[in-house]
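Only one chain comes next, encoded as structure tokens, the form predicted on its own.
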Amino acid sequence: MKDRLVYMDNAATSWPKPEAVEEAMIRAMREAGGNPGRSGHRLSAAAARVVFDAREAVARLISAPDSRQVVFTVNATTALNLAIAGVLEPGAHAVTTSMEHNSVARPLRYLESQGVGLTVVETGPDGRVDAGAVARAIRPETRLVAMTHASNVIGTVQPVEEVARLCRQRGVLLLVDAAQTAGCYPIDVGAWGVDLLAFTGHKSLLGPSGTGGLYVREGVAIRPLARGGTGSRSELDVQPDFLPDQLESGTPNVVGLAGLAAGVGVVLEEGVEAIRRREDELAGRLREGLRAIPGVAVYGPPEGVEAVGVVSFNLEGVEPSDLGYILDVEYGILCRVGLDCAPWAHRTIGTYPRGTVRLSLGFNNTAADVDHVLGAVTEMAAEARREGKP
């Protein structure tokens, strides 16, 4: 039992990556070593093709009507900052939820200090926001609603489609943080009416770190975070006014985008719906098994409330950091402990400042992995009882 290695930190980054990702990145270094759009020679053209293929793959995954609406960044955090800072200015107002990651909370708090109004809509302990409460928080000066698609702490999926409809009715932009859903949950930005959607490449898209981006609906105006060389309209000393160039300055991560395209290709071949069903089944097995262990508290949505494969728990009388250490050293189970860069969410579910042990399932996990975790936690709970911990 203790000789197994079970990786359950996929909400932080997925591992292991598919072989196709590694192969695509090596091939890009060997065969597409030019600077895309900056030269006319064959290696530059090959690099441009890599970037184009990655853009097309992501657009297909999220059902974007035009791949030019997919803007690449280095991660979801940068994409969220691009959207938030590019839309809001002093005097405007934003609405968000109490389940947000710091990648949403911190830029909003900063802009609040600069004169942007902010309303944080509280959720219950299940983490699901009421769409009507979001609508009631909208004011005449509200410019943006920013919300996570699924919690990185307890996995709760938010009613994005309903919120999007209400935002459209009120002429307010909706920004969705899809860091925990892109690749493991079906996304259709066109059908949903989402204005902006941030994604990262290194989680359920199975790509490398240093990749991510922002979907921008046609007609949505965003101020660039950076301005500079784009490989287009080089005769101008002002930023181009068309996507994606307007929001992409500097040489892109060609090798990383080659890996991202390959990762998305694996996801598309497997089928997002199939990935979703498998992870949902495993997460249900994990939650049910943990709840049956004496002394274990499992946080998050009850049965019937939609969630992704992120499960947080605590063992009575044992600190999360100690649990995580023992799981790693004694059982070969790799997970995350603490506050998950989401203090708002932990306050909402009542685990601040202690945090939790977070187990996050991914593309490579199996039922045997779940059973190994349940066996380990069962043993640890029994040991805690023998030692007289409450």
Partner chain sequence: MPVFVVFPSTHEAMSLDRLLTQAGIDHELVPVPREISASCGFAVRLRPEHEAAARALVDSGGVRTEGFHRLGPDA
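Numbering follows the first chain given and starts at 1. None of the values given here were measured: they were computed from a predicted structure.
Form predicted together with its partner chain: not shown, discussed below.
**Request:** Mind telling me which stretch in 320-328, 63-71, 337-345, 357-365 gets its heavy atoms within 4.5 Å of its partner chain in the predicted bound form?
**Result:** Going through the listed ranges, the match is 63-71.
**Message:** Looking at 232, 114, 169, 251 here, can you tell me which has any non-hydrogen atom within 4.5 angstroms of its partner chain in the predicted bound form?
**Reply:** Flagged contact: 232.
**Message:** in the predicted bound form, does residue 218 come within 4.5 Å of its partner chain, counting heavy atoms only?
**Reply:** So residue 218 counts as contacting its partner chain.
**Message:** Check residue 52 for me: does it contact its partner chain in the predicted bound form (non-hydrogen atoms, 4.5 angstroms)?
**Reply:** Residue-level check for residue 52: yes, a contact with its partner chain.
**Prompt:** Can residue 256 be called a contact residue for its partner chain in the predicted bound form at 4.5 Å between heavy atoms?
**Reply:** Heavy-atom contact with its partner chain at 4.5 Å: absent for residue 256.
**Prompt:** So in the predicted bound form, does residue 26 come within 4.5 Å of its partner chain, heavy atom to heavy atom?
**Reply:** It does not: once its partner chain is placed as it appears in the predicted bound form, residue 26 has no heavy atom within 4.5 Å of it.
**Asked** Heavy atom within 4.5 Å of its partner chain in the predicted bound form: which residues of 13-39 qualify?
**Response** The stretch 13-39, when checked against its partner chain in the predicted bound form, contributes 37, 38, 39 at the 4.5 Å heavy-atom cut-off.
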